[in-house]
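Read the single chain below, which is given as C-alpha cells and is the form predicted on its own.
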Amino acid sequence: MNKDAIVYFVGAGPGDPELITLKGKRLLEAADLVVYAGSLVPKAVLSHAQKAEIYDSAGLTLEEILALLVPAAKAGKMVVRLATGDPSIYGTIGEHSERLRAEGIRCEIVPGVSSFTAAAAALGRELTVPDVAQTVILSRCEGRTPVPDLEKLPLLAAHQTTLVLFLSITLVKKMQRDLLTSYAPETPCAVVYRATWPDEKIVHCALSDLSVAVKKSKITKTALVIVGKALASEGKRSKLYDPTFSHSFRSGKRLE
C-alpha cells in the first residue's frame, strides 16, 4: 500500500473563479485526477487542471466517487476532490474521509470562500454589527432531511440574531412561518441567488413579505436567505478603533 496516498478536498469558492485560494489553484495545476461537484463548481475553475483526468460527480453516488478516488490515490497520483464554497459547510467531508481513512488514505482539507461570506460581500454588509448582532447562525430549514430537535428553526429564531439559511429556498413558506415566531414582521431579509456568479440576483424584503418576494423573483434553488437587523442597522462603532479604548497595540487617549 502507498503510505503517501492522499486526497485533497479543495474549496472552489462560491462561484467567481478568482475566489479560489492560491493553494487550491496550485493543487489543481498539479492534479492527476479531479472529481468536482459539477452542479455548483464553475467550469472556469477547472482551467487550472490542465493535465488531470476530470470527472463530474453531480450524477454519482458516494461509492462511485470513491471508486475514482481510492485507486488513483493508492497509485500515488495527485487527487483533488473539488467542492463548492468551503468544504466544511454543508459538504460531505465526513462520509468521504471516513471511507478513505479505512482504505489507508490520508485526507487534507483546503478551505475555500463560503457562499455566506460571498453573499454578505454582495450585499455590502457586515453580518455582525456592534450592539445589534454579534452572532451569526448558519443553518437550514427542516425538509426531507431532518434537523436535531434543539436546532429547529423556531428555536434558532428565538435568538433574533443574524441567521443565514442554506438549502432552504424551496421551503420558504415554512421558513417564514418559523421565523415569524420570534422575529418581527418588519425584520429585514435578503435572498442572494448564486452569489458572485454572472447571473447573481439579490432580493431585499421584510420578513412578512419573504415568501411573496421569492415567488415573484422566480428563485427556486441555489440561494441563501439572510435574516436579521444587521442587514439594515449601523449600530455603534467597535471598540477596536475607538481612540479611548486601550489594547495591546495602542493606549487609549482621553478625549477633551
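The numbering used is simple: start at 1 and walk along the sequence shown. It should be emphasised that the depicted structure is a prediction, and the values quoted were computed from it without experimental measurement.
From this point on, the text means the form predicted in complex with a small molecule, which you will not see here.
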Contact of Ile54 with the small molecule in the predicted bound form (heavy atom, 4.5 Å) = no
task = Using a 4.5 Å heavy atom cut-off, state whether His48 contacts the small molecule in the predicted bound form.
result = no
query = Do Ile137 and the small molecule share at least one heavy atom pair within 4.5 Å in the predicted bound form?
reply = no
query = Can Leu224 be called a contact residue for the small molecule in the predicted bound form at 4.5 Å between heavy atoms?
reply = yes
inquiry  = Using a 4.5 Å heavy atom cut-off, which residue among Ile89, Leu155, Leu180, Ala121 comes into contact with the small molecule in the predicted bound form?
reply    = Ile89
message = Within 4.5 Å, heavy atoms only, one stretch in 182 to 190, 68 to 76, 111 to 119, 147 to 155 touches the small molecule in the predicted bound form. Which?
response = 111 to 119
